[in-house]
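Next up is one chain by itself, shown in structure tokens, the form predicted alone.
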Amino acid sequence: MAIRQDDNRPSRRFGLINLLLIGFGVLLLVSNFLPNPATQVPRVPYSLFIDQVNSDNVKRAYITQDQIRYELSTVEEGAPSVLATTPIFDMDLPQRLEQHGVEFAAAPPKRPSFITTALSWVVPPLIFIVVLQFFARRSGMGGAQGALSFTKSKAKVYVPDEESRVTFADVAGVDEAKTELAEIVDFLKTPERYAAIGARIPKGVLLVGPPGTGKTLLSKAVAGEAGVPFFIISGSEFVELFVGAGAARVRDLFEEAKKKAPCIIFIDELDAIGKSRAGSMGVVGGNDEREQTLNQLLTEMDGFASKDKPVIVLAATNQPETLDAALLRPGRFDRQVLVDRPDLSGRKMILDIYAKKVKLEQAVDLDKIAQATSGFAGADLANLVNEAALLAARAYRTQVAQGDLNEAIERVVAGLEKKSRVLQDDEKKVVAFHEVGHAIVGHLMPGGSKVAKISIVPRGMSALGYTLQLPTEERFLNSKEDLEGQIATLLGGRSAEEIVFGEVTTGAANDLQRATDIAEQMVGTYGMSETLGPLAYDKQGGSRFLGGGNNPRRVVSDATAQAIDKEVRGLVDQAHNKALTILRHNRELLESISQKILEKEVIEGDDLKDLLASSTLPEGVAA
């Protein structure tokens, strides 16, 4: 898509007039402060003034705090008759003047001239108006980047062209969302067909989903398919320091959109201005900038509808639960389209799109990559392909190999290899047994994942080693046995340390955190405790698309809280005992694999599969 910009240049002649006016005003002000030769009075020492008073040669005197101006009785030819002197602290001066018959008084206040008064009232406002006009015209020249353009919309206008046009063919993995938006495209192309039957197309469509799933790309595809102008702006660009600037930008945005209708307005991160008005301090109301912007947006969405030249508002957010109810009512954003993470087939199609942009070897199997990237969003897959291309270029290869894609998955999931982080021999041995413990328990536990790689090469910020498990199938539900197996797998590393070394280290900190979280969710969220029953003791807080954070417990009695803690502890202890039993039963295999990984540092593929195939479950331990 191409960006259109307007080039409005101010008149040079008008700018020259402004500069002349400014210069004239400055000269007048400066001249007002320059001394006037006609009003200069010669100054004499104070002692001379006293001598002249004592000799009865002073006729009258005007006394101020800064000077004494006096007139002489007799003056020589060519000498000045009025002199001035600087006063000093002299308490006897009034008596002295009175004794010698000098007429004295305080000097009358100096009245400014008419020109000075006129200049003081006219020139400053004139300069202010000229400067304001100068910056206003400069802001018109610079568009949204001008000095006084904070009330102008900062939306970028994209007009689809044939070269950079984005269509639905460029978007994959969100077929349901494309089907919903195809109706919007059809309405923008042929609005008369809907108007003839009396149908009303939704004014606003809200795209919700996790980050990186393609919400912005989908909106551009709608504009590309319909062939209409596309205004794109972020919600945070409406919010400014000046109260009312956001509302003014909303008005300006919709005025520009009406001129180019039919068109599409896309507001990214709508929650920046659309959060619930009751969410601040628990009260409704207020006069802050964000609320005024939201009110203006609600008003504009009510009044811009046109059957002949429609304007469709698309918006995207990761936090739909925080939006104001007035935004989601029918007539505004009355349709929500979920743009979720892609499934297996969707990931395959996304990889096909991005793989066309790089040179791949013919032997590359994208199906395996799609199967190994469960939970990846579209942006994650794009980054994965790019990382693989960077790895291939770094190795001076002209094509991306399967190994590059596999390494890219590990870089995205576990982080960069830290070969410079050298472990001591005893630490390396602990890490080896720890990771092999994870692998043996994970191999024997139920679920849709398999152990694909064991490494004792440090990665990321804190991982001294890792065990990579890749899903073998697409699963959306987990049973109680699956979750118990996940906890046992997480505790397999700590259990191996206990069996081999008789002590534990700090390396299992992350494992313990994740195992405890799963156990708490089993009890408090999923109702998988026979003692506490099918009840939810956790509040579903946070965002469903941004990780949600911690789910605080509901208000429960002390007895219930103790029962929850007891159940969580029981689940973790049970999984811990299961991991210990499995590893004791497979002690020889634990030792042999650990020795091999100490030599090779990495075991994967068929070698790892053959080694783990000899592991068995002890009697009495359910898979």
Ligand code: ADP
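In case it trips you up, residue 1 is the first one in the sequence shown, and so on. Small disclaimer: the values here were computed from a predicted structure and weren't measured.
Unshown form predicted in complex with the named molecule; subsequent notes refer to it.
*Asks:* Mind telling me which stretch in 206 to 214, 530 to 538, 222 to 230, 490 to 498 gets its heavy atoms within 4.5 Å of the named molecule in the predicted complex?
*Replies:* Only one stretch passes the 4.5 Å heavy-atom test: 206 to 214.
*Asks:* Answer for residue 274 alone: is it within 4.5 Å of the named molecule in the predicted complex, judged on heavy atom distances?
*Replies:* Contact with the named molecule, no.
*Asks:* Does residue 344 reach the named molecule in the predicted complex, with heavy atoms at most 4.5 Å apart?
*Replies:* No.
*Asks:* Could you tell me if residue 378 has a non-hydrogen atom within 4.5 Å of the named molecule in the predicted complex?
*Replies:* Heavy-atom contact with the named molecule at 4.5 Å: present for residue 378.
*Asks:* Even though the named molecule is not shown here, does residue 174 get within 4.5 Å of it in the predicted complex, heavy atoms only?
*Replies:* Residue 174 belongs to the contact set for the named molecule.
*Asks:* Which residue, 103, 367, 170, 427, is the contact with the named molecule in the predicted complex, using a 4.5 Å heavy atom cutoff?
*Replies:* Of the listed residues, the single hit is 170.
*Asks:* Of 384, 312, 327, 350, which one comes within 4.5 Å of the named molecule in the predicted complex, counting heavy atoms only?
*Replies:* Among 384, 312, 327, 350, a heavy atom within 4.5 Å of the named molecule in the predicted complex occurs only for 350.
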